[in-house]
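Heads up, what comes next is one protein chain in two forms, each shown on its own as structure tokens, labelled structure 1 and structure 2.
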Structure 1
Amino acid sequence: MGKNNNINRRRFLKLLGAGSVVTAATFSGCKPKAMEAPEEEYKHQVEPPKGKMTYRRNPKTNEDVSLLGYGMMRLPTTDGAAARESDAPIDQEQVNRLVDYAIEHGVNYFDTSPAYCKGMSEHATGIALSRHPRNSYYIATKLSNFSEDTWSKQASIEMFNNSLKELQVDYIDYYLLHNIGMGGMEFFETRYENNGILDWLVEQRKAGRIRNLGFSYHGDIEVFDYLLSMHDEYHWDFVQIELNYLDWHYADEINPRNVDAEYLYGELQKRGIPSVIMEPLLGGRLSNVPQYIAARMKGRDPEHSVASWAFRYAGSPEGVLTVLSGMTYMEHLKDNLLSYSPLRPVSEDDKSFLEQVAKELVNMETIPCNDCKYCMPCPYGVDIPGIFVHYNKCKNAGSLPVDPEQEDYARYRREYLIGLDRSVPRIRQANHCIACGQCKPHCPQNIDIPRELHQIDMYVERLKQSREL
């Protein structure tokens, strides 16, 4: 605590010092500028600059791709929602505005799919992009042949041709096998190998109708490994993976079927394949973090958004070609542009900070309590080790409720709360810790007991509020 305060104070003084120098300088200059200074500062926080976008080079084509890629999966509708949450038609006028603004500010990668926005995304993307010269943007779309009706070679080719038509182009810059890994090897073989479509796509690449061929991956790691093992045959030009500061180490904590991004990215780097990043915000979760985490982020970087941390993290690895964000509203677009115009890569220190945040977000940490009970008795009756032991037990069993979207969340939640009441009477639970700190010096593990108890208390409170038992 004390240390943090010092740092903050030092930063504050530094800012103050710098501010006064600037003010002094401007005062000695011309008056109107001095009046403008705070307004400029404000503007710099909300208006992205032009011509500052960070680009990454595609090693195959040597083209520069903007680090921010526009994901066309959450396009706005006329009733002001995102397309997949609404039945209203896509607000084409708004899409055009967003696309124009993005291009103006250096975005040149647009990622869509025949499946997005209830199937309307490619059409809307085509309209918006066709208003710009073809060489000013790159289009990524996918072979989204999930349905059995589209498994045949003929149907898949038709899907490809339709993408060309909807997007009003005669070649695709980045073409992906969509969501391989879902359904395991068998599903992959059905969709891409047995029908011969993969070979057909490789032919299209030779013919120039596909400039870069890749795949997007979720789910069964076997398929990912298999496709990379075939790299010598297929020469993947890029691969789209999920990467963010949670998925880097804790993907399997969030969802046991996922694989840590560290592995995925590492495998791609080994082979020199550029990564396209999806889910930099983990479905928005990383832009809407608990208040105390948001406060810590702002404490470190007061003039940038919470979401900017996630974008900086996802964009920092050099092997990342572009980071996709499904932007519905202008403020999303502006904020993301600000994060990458230009990119401020995360430092080692930032990384360990985000690592800590990630741990807290997945409630990853088990508490290093080994139930020695040296802390006991708590003068206020709290059963300190009982609370930690229950938490660790659930954590280690992998049955810690973390995210309401998580599979089995309701069951885990019920088990956690009932189990807590069973092992620790309510009057001895964490909410009765008053933080007097008398326990602290007794802990051989140097656990900051009041802090941990309060974290658990807040966690339990969130669980209670999230649903009814």
Structure 2
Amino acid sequence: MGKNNNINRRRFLKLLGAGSVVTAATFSGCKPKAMEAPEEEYKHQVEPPKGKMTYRRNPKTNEDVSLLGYGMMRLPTTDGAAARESDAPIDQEQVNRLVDYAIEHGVNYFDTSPAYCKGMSEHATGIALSRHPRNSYYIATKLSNFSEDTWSKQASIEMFNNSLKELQVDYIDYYLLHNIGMGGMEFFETRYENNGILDWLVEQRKAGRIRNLGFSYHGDIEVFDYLLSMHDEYHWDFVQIELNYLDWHYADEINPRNVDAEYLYGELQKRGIPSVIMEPLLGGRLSNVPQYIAARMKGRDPEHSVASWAFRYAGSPEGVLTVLSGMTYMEHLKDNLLSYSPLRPVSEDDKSFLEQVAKELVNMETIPCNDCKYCMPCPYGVDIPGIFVHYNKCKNAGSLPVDPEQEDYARYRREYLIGLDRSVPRIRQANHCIACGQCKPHCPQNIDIPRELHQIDMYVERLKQSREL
């Protein structure tokens, strides 16, 4: 499928993009030691202080919300992996420990969804939080009515009521219309307006079953602008947007259909709407930057992690209410607590430095996949995010085999192919994509997934067929 044995050298190089920085890589998915730096940092991790969390005031309720919000989308499983990558049951005892530690260190915002962790996140979150006084935490969850069988008003109401049941609460602190913009205006109207569910949610806010009503935005800017134009009618209490130092100015360069965070945040600020931030690490990419960038970051701030730069950046704007992080392991939780206990806002000099980092990362031309897995499962078994993650790791590491004339091409070629087979079983690789397109509407980054898989398939086939062009 998708083989083109006559692809010429110029097309091959254009497909890959020449000019990668050359660094060493291992066989396990082209991940050099530099990419493992965050794990090394945790060996010397200090204990985060208690009572130092930075809070932001909700202007509607006057409640103080922790700047670090716990995203419950990557909960640990009994086999040690995150629930998004494993079929094992959620490790409830570990979830309880993480939640207890977070609350003990000042975290009070917990974000979940009926769609997270294969439908088990709300249940696990409810168990963990119900062990604490209800006034000690705020719960955010979503109307994740993506599938056609949830589009009716009754089905959406049932989803809302089931969230209350799973979370063991009688009201939701922060309720979101989920993934607004995905699928454009027509999809939004089908999910929320034509069925009357948006008006019903406004009624629930008046009744106190919802304390704050907002939406999470991905994709089509027409929908974002439309909802903000309706602010006088709906009175949005908050909006969740993607914001990080790469997306601030370069979101549309990562993906032409994305919108710069500077615009999104600015539009919310004009209306006095607090921002909840998702993807501060851009799917982990801003914690796994190339070695030479990581070294510069550590040189400027040796006491903190590479990831802390991204968290400090996302938390610095005053209009940000909380910054979400999906934390699977205690080391990640502690590191993020250190970033916000208390926050050291990025200086103008820091911003200039991160702007330069962003320019360099944009030039790496990776596939803008955040490994969210909304595209999964593929009906033909293709591991879409696994394929993209492997490609991006090698691209970021500078170990992508691009040109037979490049130094270490043969080694990079071998490492890429071995790493791909170790990361993604052959039966689930890109050559099994039939371009059915079922995945495309579900991608928050609006990636043309079949096209990208086809290009990677051609690339891999070419690497397999010959050591030289």
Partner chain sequence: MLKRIRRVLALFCFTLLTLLLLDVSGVLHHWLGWLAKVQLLPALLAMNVGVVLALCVLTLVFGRIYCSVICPLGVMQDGFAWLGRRRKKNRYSWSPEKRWLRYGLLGGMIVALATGVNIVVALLAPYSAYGRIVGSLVRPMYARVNNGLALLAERVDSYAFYEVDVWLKSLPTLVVAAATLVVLAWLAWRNGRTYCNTVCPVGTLLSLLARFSWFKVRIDNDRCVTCGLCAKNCKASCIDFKNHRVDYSRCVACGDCIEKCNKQAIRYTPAMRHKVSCPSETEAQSPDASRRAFLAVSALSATAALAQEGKKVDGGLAVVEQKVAPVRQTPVTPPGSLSASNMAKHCTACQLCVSTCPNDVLRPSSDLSTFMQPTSSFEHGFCRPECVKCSEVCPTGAIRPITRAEKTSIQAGHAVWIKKNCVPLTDERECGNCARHCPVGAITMVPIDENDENSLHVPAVNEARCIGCGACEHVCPASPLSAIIVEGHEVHRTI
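Just so we're on the same page, residue numbers count up from 1 along structure 1's sequence. So that the term is clear: the rigid core is the largest set of C-alpha atoms that superpose within 1.5 Å between two forms. Computed from a predicted model, the values in this text were never measured in an experiment.
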property	result
Selected structure - criterion: the form predicted in complex with the partner chain	1
CA of residue 55, rigid core aligned, shift of 2 Å or more between the two structures	no
Residue 398 C-alpha shift between the two structures of 2 Å or more, rigid core reference	yes
Displaced residue check between the two structures: residue 330, CA, 2 Å or over, core reference	no
Rigid core fit between the two structures: Cα deviation of residue 429 in angstrom	31.7
